[in-house]
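Starting off, we have a lone chain in the form predicted on its own, written out as structure tokens.
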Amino acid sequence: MTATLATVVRKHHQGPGTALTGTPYPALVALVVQMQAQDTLIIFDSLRPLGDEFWNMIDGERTVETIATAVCLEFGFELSPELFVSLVNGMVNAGAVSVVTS
């Protein structure tokens, strides 16, 4: 399954984690390039706090769009929520989260 902005996911474990789980390094580099095109303040090291906070906000109820918007507001970045969908797909593929179905 491919995630969308409306996707809701549930963690398979509580505690420390990151939304970067399951996304290969070259894909993370490409993601940063896409993010930099939208917000020049983004650097590669921005991914860790963004990913960690995204992980912290996964509760099995919020959508990808809701979480991505909140994370960007928290850190002051102007990014499209769509950029976070690839991270969700990585987490799903790695088995760190599963998609919540109605």
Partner chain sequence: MSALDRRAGWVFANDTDIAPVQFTQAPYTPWSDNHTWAAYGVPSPLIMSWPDLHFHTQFLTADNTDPRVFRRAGVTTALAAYEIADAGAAEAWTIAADVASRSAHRLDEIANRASHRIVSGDRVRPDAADTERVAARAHQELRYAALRDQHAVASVRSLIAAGDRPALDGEITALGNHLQTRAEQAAARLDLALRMTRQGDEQS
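All values reported here derive from a predicted model rather than from experimental measurement. Positions refer to the first chain, counted from 1.
The protein also exists as the form predicted together with its partner chain; that form is not presented, and the subsequent description refers to it.
Enquirer: With a 4.5 Å heavy atom cut-off, would you call Gln34 a contact of its partner chain in the predicted bound form?
Expert: No, Gln34 stays farther than 4.5 Å from its partner chain in the predicted bound form.
Enquirer: Answer with yes or no whether Thr69 is in contact with its partner chain in the predicted bound form, where contact means some heavy atom within 4.5 Å.
Expert: Taking the distances in the predicted bound form, the answer for Thr69 is yes, it comes within 4.5 Å of its partner chain.
Enquirer: Given that the partner is absent here, does Pro49 sit within 4.5 Å of its partner chain in the predicted bound form, heavy atoms only?
Expert: Flag for Pro49 set to yes.
Enquirer: Indicate whether Thr63 is a 4.5 Å heavy atom neighbour of its partner chain in the predicted bound form.
Expert: The answer is no: Thr63 has no heavy atom within 4.5 Å of its partner chain.
Enquirer: Every residue in Asp45, Leu73 and Gly76 with a non-hydrogen atom within 4.5 Å of its partner chain in the predicted bound form?
Expert: Looking in the predicted bound form, the three residues Asp45, Leu73 and Gly76 all sit within 4.5 Å of its partner chain (heavy atoms).
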